[in-house]
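Next up is one chain by itself, shown in structure tokens, the form predicted on its own.
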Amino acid sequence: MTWFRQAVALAGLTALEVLRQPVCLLLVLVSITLTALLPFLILHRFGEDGKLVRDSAFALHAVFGIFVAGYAATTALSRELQGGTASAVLSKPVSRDLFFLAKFAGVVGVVGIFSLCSGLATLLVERIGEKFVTTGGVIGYVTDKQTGVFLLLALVMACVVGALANYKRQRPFGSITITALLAGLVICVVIGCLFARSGEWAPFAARMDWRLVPVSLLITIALVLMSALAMALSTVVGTVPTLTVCSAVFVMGLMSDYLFGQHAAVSLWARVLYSILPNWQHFWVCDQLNAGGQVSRAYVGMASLYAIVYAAALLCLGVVVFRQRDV
């Protein structure tokens, strides 16, 4: 099982190295901070309490997740190829295929941590957002300011913990801060379940809107697919071209039904591009939550299968190119 230990070690070191990068920390903090401020900045409900807040939170999750996935992939592979680190590792009894796939596993770990933070923050801001309340002696629109204060406090405390760990024990600021932020968000969710929206003690009487979980999961799956694309691109190009291509593929994939789908029956090129480009609309299903709706487990399973097959094809292509790459 030497290959398994090598894969686990490489994946863990890759994830830790990416989390230590200041750019990764900046992307995570800016994304969660903007998400936390949404309930206090959005003053319209568009016919449904919490709709605009949760949709905006999902959008931040997806957009910032693309940059996290692209940056993580280029940090894990492209920079190591340019810096010579990859050649030092591959000089040992580590196969190129194992090296590439372990790096991808580490990138998926980083994407998973970011998505977990974003998913928890989305649950919290949907809870915080202004809603009409008719229980506990309160009648009218109420903003859960108590949970909002805890959420903002979690952001501040995460930075404080990271700074203290870095100053006192010389621990990496980035990875410690992100870990502390994740722990703080979990604590905020637990506290939110112990109080009513008006701030009164009501253990487990006012739960989160768990319908948001499948939507966040689908966005995470889309980001894993984007990570596979970024890893394949990182074998031949650097950070800026990788992020540029990933952003272009994301935009075109969102509009593929309009750009290519409606012309696929009459145009060969439209049919080819419609088949090749990943259709991100399969993973953007927040509209299904309107008017009390929810996303079925069957749909999540089918979308996951689509992403797995597509990511496997991209990884196979990346492995083939990486085998021929001069390191």
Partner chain sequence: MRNRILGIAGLMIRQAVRSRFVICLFVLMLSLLVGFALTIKGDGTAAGRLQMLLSYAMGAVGVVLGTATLWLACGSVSSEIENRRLHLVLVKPIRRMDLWIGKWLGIVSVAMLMLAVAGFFLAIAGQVALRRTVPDSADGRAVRHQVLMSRYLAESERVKGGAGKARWELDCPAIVSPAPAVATLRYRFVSPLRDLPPVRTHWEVLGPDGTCRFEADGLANMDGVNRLDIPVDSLQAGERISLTFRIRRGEEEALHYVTFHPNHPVELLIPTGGFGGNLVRALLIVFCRVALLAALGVTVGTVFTFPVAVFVSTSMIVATLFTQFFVFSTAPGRPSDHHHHHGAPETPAWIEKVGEDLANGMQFAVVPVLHYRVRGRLAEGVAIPWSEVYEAAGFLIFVYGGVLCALACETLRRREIALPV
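Positions refer to the first chain, counted from 1. Fair warning: this is a prediction, and the values are worked out from it, not measured in the lab.
Beyond the structure shown, there is the form predicted together with the partner chain, which is absent from this document and is the topic of what follows.
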The partner chain in the predicted bound form reached by all of Pro22, Leu26 and Thr244, non-hydrogen atom within 4.5 Å: yes
Tell me, out of Phe250, Tyr71, Phe195, Phe150, which residue has a non-hydrogen atom within 4.5 angstroms of the partner chain in the predicted bound form. Tyr71
Which listed residue (Leu259, Ala59, Val30, Ala264) meets the criterion of a heavy atom within 4.5 Å of the partner chain in the predicted bound form? Val30
4.5 Å heavy atom contact, Val240 and the partner chain in the predicted bound form: yes
